[in-house]
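Just one chain is shown here, as C-alpha cells, and it is the form predicted alone.
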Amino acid sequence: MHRRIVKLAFFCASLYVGPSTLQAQEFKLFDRTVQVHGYVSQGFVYTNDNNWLTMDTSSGSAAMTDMALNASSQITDKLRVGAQGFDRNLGQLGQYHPSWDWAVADYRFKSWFGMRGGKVKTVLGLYNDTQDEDFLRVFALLPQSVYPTDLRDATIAHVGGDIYGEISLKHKLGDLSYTVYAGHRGDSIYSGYPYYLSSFGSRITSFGGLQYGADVRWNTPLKRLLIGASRIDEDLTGRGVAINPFNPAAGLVPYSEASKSDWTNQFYAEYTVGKFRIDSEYRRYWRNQELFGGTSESFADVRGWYVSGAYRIRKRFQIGSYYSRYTITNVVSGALSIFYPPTTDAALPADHEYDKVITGRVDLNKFWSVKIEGHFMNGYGSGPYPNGFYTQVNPQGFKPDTNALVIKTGINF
C-alpha cells in the first residue's frame, strides 16, 4: 500500500510544472475555428474491508484513471459540430479500450427548438450528461446510488437524435427547458454489468438496444432554483455464451437475455445561494427481463436517492458532503429460480448500500485540482444492477460495513 501512495505522490509532483501553462487549444480549419479541450485524472482508493469498484482497494489501489480529448467548431451561427474520445481503466473495467464518448452535429433553429444527432449524450437527471466534466464538481465520485461509476457507459449516450429547446414562461414564471430523444444504446463489454455476469460464468459479447425518453427542467422564479424530471424507456438485448448451470461439465452454451419492461424515472432539484449549493435526486429503475432464451424471468427494482451540499470557503478551496441511499430487490422465476433465491428485504446489507460522504477540493491553479474524499458505507447492494461491490474481488464474502478513502487529482484544458 505504501508503494502505491508513493506512486500517487510522484504522479501529483510530476504535474506541478506543467498544468499552470495549460490552456484550451484553437486552430483554423477551412476558415472555421476549432477548439480542443481535454482532461486526465488519476485516483487512489483505499478501503478498510471489502474490495470496491473491482479494485484491490483493501491493499490500496491506483487503478483509477480516465482521460478524454474533444474538438468542436461553430460552423455557422446555428450549427455546431464536435466529438470526444474517451478512455479509462477502473480496476477490472475499461481496461484502456478507447471509445467515442460523443460525436454530434447540433443545429439550433430558434431558442425554443433545436435538433442534434449522432452519438448524443443522454440527458437524465442533473449530471448524467456531464459525468465527464469532473473538474466542475467538488466530489471525487458522484453519489453512487444514482450515478454508479462502474455503470458509466450504460446511460452516457445514445446513437440517434434529440429535439430540445428553452421556453420563457409568461408572468415571470421562469424558463422551461426540454429534451426529447430516441436512439440506440450500446454498452461496452468492459462495463460493470458484463463483469457482474462473468461471476456466473457468462461472457457477454454485445448488450444494447432501443432507448427513448425525455427530460424537462424548470428554472423557477426563485433565483437559482432548478426543478426537473426525466424518463427513459429501453428495449435491451444481451448476447454471449455462458456455462450451463444445469450441466456445468458440458461447457459453454449460447446465452441471451431480453427486456420485457425496462424504464427509469428520475426527479431532481438544485438550489444555489451565494457560495453554497444543495441538490437532491431520486431515481427508480425497473427491469423485467427474460433470461437464457426465455427459460427464466427476472424482476429487479432499484431505488436510489441522495442529498448533497457544497460550499466554497475560499477561491481555491471547497468542501462538500452527501448522503446516498441505494436499495435493490430481485426475484427470478422459471428454471433458474433454484440458483437465485429471491432478495426482497431491503434492510439486509446484501440489498442496500447507504453511503455518508465528506470531501474537500483544492484548486492548485486554474487547471489542476486535488480532491480528498471519505466514504462511510453500510451494505454492499449486490445484484443484477451492480453498485460497486463484486464477488470476483471479494472471494471471502462481504462484510456489512466499508470505509473508503478516495484521493483524486486531475488536470483539464
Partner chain sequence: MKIRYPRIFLAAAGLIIFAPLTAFASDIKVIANPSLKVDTIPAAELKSVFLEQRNSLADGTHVEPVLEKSGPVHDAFLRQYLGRTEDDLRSYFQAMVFSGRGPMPKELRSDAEVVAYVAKTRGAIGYISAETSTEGVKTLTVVNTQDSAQRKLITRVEPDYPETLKRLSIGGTVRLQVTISPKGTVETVALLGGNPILSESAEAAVKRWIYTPGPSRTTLEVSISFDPHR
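Residue numbers count along the first chain shown, from 1. Keep in mind that this is a model prediction, so the values were computed, not measured.
Keep in mind the form predicted together with its partner chain is missing from the figure; the text below concerns it.
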| property | result |
| --- | --- |
| Interface membership of Gly38, its partner chain in the predicted bound form, 4.5 Å heavy atom rule | yes |
| 4.5 Å heavy atom contact, Ser58 to its partner chain in the predicted bound form | no |
| Proximity of Lys121 to its partner chain in the predicted bound form, heavy atoms at 4.5 Å | yes |
| Residue contact check: Glu290 to its partner chain in the predicted bound form, 4.5 Å heavy atom | no |
| Triplet Ser111, Thr130 and Glu166 all within 4.5 Å of its partner chain in the predicted bound form via a heavy atom | yes |
| Listed residue (Tyr268, Tyr322, Trp102, Tyr255) with a non-hydrogen atom within 4.5 angstroms of its partner chain in the predicted bound form | Trp102 |
| Candidate from Ile75, Ile313, Met115, Leu136 lying within 4.5 Å of its partner chain in the predicted bound form - any heavy atom | Leu136 |
| Among 216 to 224, 91 to 99, 280 to 288, 146 to 154, the region lying within 4.5 Å of its partner chain in the predicted bound form by heavy atom distance | 216 to 224 |
